[in-house]
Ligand code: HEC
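As structure tokens, one chain now follows by itself in the form predicted alone.
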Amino acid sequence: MKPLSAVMPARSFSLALTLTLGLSATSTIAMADTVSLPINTLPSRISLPNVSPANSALANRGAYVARTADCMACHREDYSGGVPIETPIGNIYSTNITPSTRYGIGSYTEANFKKALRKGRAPNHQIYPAMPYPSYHGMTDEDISALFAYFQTVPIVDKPPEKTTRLPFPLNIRSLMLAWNVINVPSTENRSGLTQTQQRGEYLVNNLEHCGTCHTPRNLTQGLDKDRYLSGAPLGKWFAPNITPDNDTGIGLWSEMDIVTYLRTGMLDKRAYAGGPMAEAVAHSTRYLTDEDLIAMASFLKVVPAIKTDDYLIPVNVARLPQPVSNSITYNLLEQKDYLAKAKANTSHVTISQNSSKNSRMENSNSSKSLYLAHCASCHGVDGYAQPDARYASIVGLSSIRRAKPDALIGVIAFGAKGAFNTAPKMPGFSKDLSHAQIASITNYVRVTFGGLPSSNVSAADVTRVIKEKS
């Protein structure tokens, strides 16, 4: 279940869109983001696991509720727990929620289960708000009953997580959370005037999927700042962007079908690719949702109050985006390998310098293109279109590389990112292998070459700042 912290800054939480969303409108630039997909072209829903004819209809419905609540992101697919939630004061580890009577929730009654979900109260102690009970507070009785029935059917993991939470004094006094709860639970309020579909979307966004946990800035008590709901927030090495319908800084130019497609697949061509914690949300949760529920979420996100932030998107100029080197190179590994070798050879050159009476030959491999080819092109392709069959991400036109603030892109290059699914390769981070000047050079090359920007002036100092802030 998704992390939420009552006692530490919002940057400690682990759900984010690492690739930013939305575009800014302009009448003079060809826009790729105005294209909408008809509903009959939606990607197919992934079959829901953990559903068995041996289980009751209620328990099988609970398996779907578990997906919509994204319990697996923090408690693992087998619900054994032990996943670290990073915070500035130490890790909070998720617990075993299998029906083990000794180590899990096997001794819970449904009333105990409901109190844990809605109030953060286990039978013998207060739960840290790393478990998002401020959002689950709004769960319906029907969904809680179904979820409880489902958890009685999951295989028992009869052992404790490898690590447990050990916070320093006084944060180890769990009863302190009671005062915080008075101020911050529930985390959202229902709106009036919504259609039935939007009401369902509100329930999914606010409660089960608890999107605001990461996408909403924090107030002084580290609860959600409701006045800036879904307008984006820092999250450790990531940033959860503005997902309000603002045209310039949010997702105002995304159609409902665009949102549905992104939540189903974790990507939109030449716009966005989910990595890091958002990739986990897609992999564990949103790709399993019904079309109706994804459409409901999209419909609600289009009517939340639009909030403009200072991190706007530079509009995509389609004419400036590169074309594939050939029709087959993104699928033909041998062709890409050969072309990459030639490109590297063409960008490396030898200079001769005079040092007294002695000549020395020095290879200059620090040009922006050389750095990209050496460290990035084998996965993302010499032309940026990558190898989709191998699940490497195309980076052409991505909105994350067109933000006014380059911090998100710097962070991904420095620290790496997970792909949208477990089968996708994990991008390594280069903060320890490349200098800050080299990372800045790659950032500028990517923004101009694959983002279509007329220029980019990221400096080594910018990289130093981002790494320092996110480390």
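One-based numbering along the sequence shown. From a predicted model like this one, the values you see are computed outputs, not experimental measurements.
The same protein has a further form, the form predicted together with the ligand, not shown here; the description that follows concerns it.
Ok, V157, L171, I314, A116: which has a heavy atom sitting within 4.5 Å of the ligand in the model of the complex?
Partner contact (heavy atom, 4.5 Å) among the options: A116.
Among the candidate residues L224, A296, L253, L147, which is the single one with a non-hydrogen atom no more than 4.5 Å from the ligand in the model of the complex?
Checked against the cut-off, the match is L147.
Since the chain is shown here on its own, which stretch among 370-378, 183-191, 302-310, 317-325 would lie within 4.5 Å of the ligand in the model of the complex, judged by heavy atoms?
Only one stretch passes the 4.5 Å heavy-atom test: 370-378.
Decide whether A440 counts as a contact residue for the ligand in the model of the complex under a heavy atom distance cut-off of 4.5 Å.
A440 lies outside the contact set for the ligand.
Can any non-hydrogen atom of H284 be found within 4.5 angstroms of the ligand in the model of the complex?
H284 lies outside the contact set for the ligand.
With the partner left out of view, is Y385 within 4.5 angstroms of the ligand in the model of the complex by any non-hydrogen atom?
No, Y385 is distant from the partner.
How about K163: is it within 4.5 Å of the ligand in the model of the complex, going by heavy atoms?
No.
Which residues within 237-262 place at least one heavy atom within 4.5 Å of the ligand in the model of the complex?
Contacts from 237-262: W238, F239, A240, P241, I243, I251, W254, Y262.
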